[in-house]
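The data below hold one chain only, encoded as structure tokens and taken in the form predicted on its own.
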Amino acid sequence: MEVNYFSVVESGHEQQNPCSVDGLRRVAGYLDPQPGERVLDVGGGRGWWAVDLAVRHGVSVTVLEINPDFADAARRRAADAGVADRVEVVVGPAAEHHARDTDIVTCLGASFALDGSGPALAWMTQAMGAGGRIAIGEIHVAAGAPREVAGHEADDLAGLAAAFGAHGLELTGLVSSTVADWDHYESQHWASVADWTQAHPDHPDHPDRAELLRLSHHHRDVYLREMRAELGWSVLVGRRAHAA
């Protein structure tokens, strides 16, 4: 497709993950950001999380984002909020960014940018300073569900928590999305595609329209038939564990 699928389906999202504003601000509370601290946000999308942290907590945030449409939106959001001097948006693969001694490292639903949750935890831990904190938002299977659901191979929530320990981290906070949160997130996808296809009639000037509709309907069907009942999404917050 010439048109970027995610640029269309998430064009109306404020939070680009299945978590509410209250839930994300609870995550921020667990991270306890202090004015002047430095935050690195992997896969920051349109910048809601970064800008909210900068505005509410006085931190400086570096956003890593590979989608140029999302990066532009994040810069506009930061400028509109008056924090453009404290929100830097870097466009490119997250794995190519080298950071050390960062106070807080977050990745809310974008661990695929670092080859999955395990590699992401290793990368984020390396980027974190001695007194740093970490937050990762991940999909996981529901209790009793198979490890692979709708093409997603995922651990259960207990397994994600155990991975924290395996990377020398102490789990200190957990925020799990509700079904209503995830319904809201997915519903915005469907509405954005409906708006886009209505604005782009089916004629030769818009050859991507049929493919975008096909993908949207496929993802909607998979969500309703499998993902909604068998997958969850949670943010795990932690810090370096003290040696025993």
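Residue positions are given as counts along the sequence shown, with the first one as 1. Please read all numbers here as calculations on a predicted model, not as lab measurements.
One more form of this protein should be noted, the form predicted in complex with a small molecule, which is absent from this view; the next part is about it.
For the small molecule in the predicted complex, the listed stretch (64-72, 209-217, 192-200, 175-183) containing residues with heavy atoms inside 4.5 Å is 64-72. Proximity to the small molecule in the predicted complex, taken as a non-hydrogen atom within 4.5 angstroms, holds for one residue of V105, A94, V87, L121, which is A94. Among the residues L157, V149, V83, A110, the one placing a heavy atom within 4.5 Å of the small molecule in the predicted complex is A110. Residue contact check for S11: none of its heavy atoms lie within 4.5 Å of the small molecule in the predicted complex.
Among heavy atoms of S234, none comes within 4.5 Å of the small molecule in the predicted complex.
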